[in-house]
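Only one chain is included here, represented as structure tokens and corresponding to the form predicted alone.
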Amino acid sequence: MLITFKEAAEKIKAANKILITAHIQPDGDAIGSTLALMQMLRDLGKEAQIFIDDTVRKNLHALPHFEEIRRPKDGEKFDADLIIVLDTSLDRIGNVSKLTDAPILNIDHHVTNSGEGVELYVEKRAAATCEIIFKLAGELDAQITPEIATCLYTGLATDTGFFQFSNTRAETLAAASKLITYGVSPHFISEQLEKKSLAEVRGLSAALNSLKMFYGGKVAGMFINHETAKTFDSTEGFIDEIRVIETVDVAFLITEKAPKVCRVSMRSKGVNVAQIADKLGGGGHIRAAGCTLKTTLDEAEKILVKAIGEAL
């Protein structure tokens, strides 16, 4: 059920012990928004704890209070009177859903989030969930510390491709500018996020060697098999290396995370890849989306290329 921004804020004000979570395979916006909200709520005198049911890539570990993020254990329970799910729909939070039966508040900016079965505040024009959390700070009368500002800026920067993507609005840049006045060091964040391990660089090389072109050069795809994928923890930025090819409208990367478990990332210049991802059980933005296909790498290629072709 869709609710208003003020209604979402009132639900947070009324809660005292809050569990915060975001999606598996968390990105800068997921981690930035959860860490920022946790700190805001604690500063307001509430108990707040983050659970993420996945590993987090190393270049996000430098964010303030990252070490306090917990991963749920089998059979674990957490006493809460509210769950806040950020940057995703409920189907992507993994085993966090088993921790408590508390009411759920979902805050997101993805166009594919229908909020079925929960109370949802979705701001589809927002470039990132961190943009919503920044606005929420004002509604909650929460202080923006340099640590909170750093987390929020990270989400804005990553979800806009450092303010290069089409989702960058005047309001997004205004929020980023304001966060800098609160103590953000943009160069520190960009340096942290650009770091790659030697294994990741070698993985990028393998991905580029797998490059295939489809539909007369309109679509470019890369493929990482399980043996290569298990040697590093992130493919962040890989897809951008082929998105820039002049003839390409849709670029994709399929990573075989485990046998018969393939994670798909898509970027586009014109095609609505969120609709493609939605049909395949995923979601995301109009120009950046993804999904998981539980099949072999070869079969995942056939399924995805066919779906993209139908959308072209």
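Numbering starts at 1 and follows the sequence shown. Treat the numbers as computed from the prediction; the structure is a model and nothing was measured.
One more form of this protein should be noted, the form predicted in complex with a small molecule, which is absent from this view; the next part is about it.
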property: Per-stretch contact check against the small molecule in the predicted bound form, the hit in 279 to 287, 66 to 74, 242 to 250, 45 to 53 (non-hydrogen atom, 4.5 angstroms); result: 279 to 287
property: 4.5 Å heavy atom contact with the small molecule in the predicted bound form for all of 92, 110 and 265; result: yes
property: Listed residue that, although the small molecule is not shown, lies within 4.5 Å of it in the predicted bound form (heavy atoms), from 300, 12, 20, 291; result: 291
